[in-house]
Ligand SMILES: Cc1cc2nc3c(=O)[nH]c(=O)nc-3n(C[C@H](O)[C@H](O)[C@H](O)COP(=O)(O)OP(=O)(O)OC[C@H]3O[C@@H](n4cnc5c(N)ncnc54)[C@H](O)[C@@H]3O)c2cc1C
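Here you get one chain, nothing else, as structure tokens; it is the form predicted on its own.
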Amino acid sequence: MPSFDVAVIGLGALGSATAAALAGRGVSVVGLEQFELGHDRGASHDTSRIIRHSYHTQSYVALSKQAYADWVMLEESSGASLVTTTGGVDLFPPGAAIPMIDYTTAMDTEDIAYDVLDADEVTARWAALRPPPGTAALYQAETGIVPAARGTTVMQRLATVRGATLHRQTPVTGLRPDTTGIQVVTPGGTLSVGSVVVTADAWVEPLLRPLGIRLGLTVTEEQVSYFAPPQPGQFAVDAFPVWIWMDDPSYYGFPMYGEATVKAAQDCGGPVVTAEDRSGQPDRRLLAGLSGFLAGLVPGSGPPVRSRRCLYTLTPDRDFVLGPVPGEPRIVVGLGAGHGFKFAPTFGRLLADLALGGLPGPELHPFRLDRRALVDAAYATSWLV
């Protein structure tokens, strides 16, 4: 089989962005996807994802600035319109499990503007939102939506136009470092490459385990649901924000986007599964819990019309994995931990840097593979962000 400078394993959002970034630098890159391109078995399908500046640490807010800039560059490179600005509200009920001060401090440090609203002010601005008394809200005007399946397809097409070779139905069964590079083993033969970027999400640990790498990942099967509001005008993108309920359990939702429905979900509410052993079918329990919550916060959201499942591949600290394998810098890992899509073009650029021999910058320090959360089995798991 032919040799390439870099192989990218897994062509969801992060892998597709990485392939596009590498091909744009003139290196030979092959992308390997074990299923069809655009499949619905992972975490990059469906309609929409949130993009936002509001995050709990300065490092995340700083990365969000890069993400917005990189989405604009992707729009310019591809000719596709990808970012829809809606504004967003983070809703903190009394005694919220997620501290609001973490968000305000992080945004203040990075000079991100926001408004603090009370419950009445939220409802006065968006009549369809009815937060309970005592709720505090952070409004950030640049919050918005990026397309999931369509955005991933755009990045795949850009990678191909730039010269990348993308293979579907090509699972990788092993990685073998040697003195000349990395041997990438597939059922059809072995590829010889200079370096590898592993963006295989729920399938990442089986590839890394023979290299002595264990990340302590947990895979959950999540569910998003779509509701048909009887008064859809209240939920148009110019009339209704992206919202996030900043408590445990945490929920989030969207305005109408591409159709006359609103999308909502619980964050990290699904059962623990594996990449291969999961139902793929709508879960009535998850839908009932979400519907009950929406009846209070968004009473006009209407009846559910469909639900879809996806996988979250979660680190114990919910932080990303972005860095080289300790002791083997020619193998680089990228993992979004269930909230990475908004950063996909940025992660693609940074992972391409690493694959071509660059050293991790300070912005990647919190996401290295040898951090305590990934190597200490006693680390206390927390998925709230």
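Numbers follow the displayed sequence, beginning with 1. Note that the structure is a prediction, hence the values are computed from the model and not measured.
This protein has a second form, the form predicted together with this ligand, left out of what is shown; the following refers to that one.
- In the model of the complex, this ligand stays beyond 4.5 Å of every heavy atom belonging to Leu211.
- In the model of the complex, this ligand lies farther than 4.5 Å from every heavy atom of Tyr68.
- The shortest heavy atom separation between Ile9 and this ligand in the model of the complex is within 4.5 Å.
- Put simply, Pro99 is far from this ligand in the model of the complex: not one heavy atom of it is within 4.5 Å.
- Residue in contact with this ligand in the model of the complex (any heavy atom within 4.5 Å), chosen from Ala159, Ala137, Val219, Cys310: Cys310.
- This chain is displayed alone, yet in the model of the complex one of Gly296, Pro171, Gly258, Gly188 has a heavy atom within 4.5 Å of this ligand; that residue is Pro171.
- The three marked residues, Ser195, Pro324 and Asp353, fail to reach this ligand in the model of the complex, with no heavy atom of any inside 4.5 Å.
- Screening 330-338, 59-67, 22-30, 355-363 for residues having heavy atoms within 4.5 Å of this ligand in the model of the complex returns a single hit, 330-338.
- Contacts between 193-221 and this ligand, taken as any heavy atom within 4.5 Å in the model of the complex, involve Thr199, Ala200, Asp201, Trp203, Leu207.
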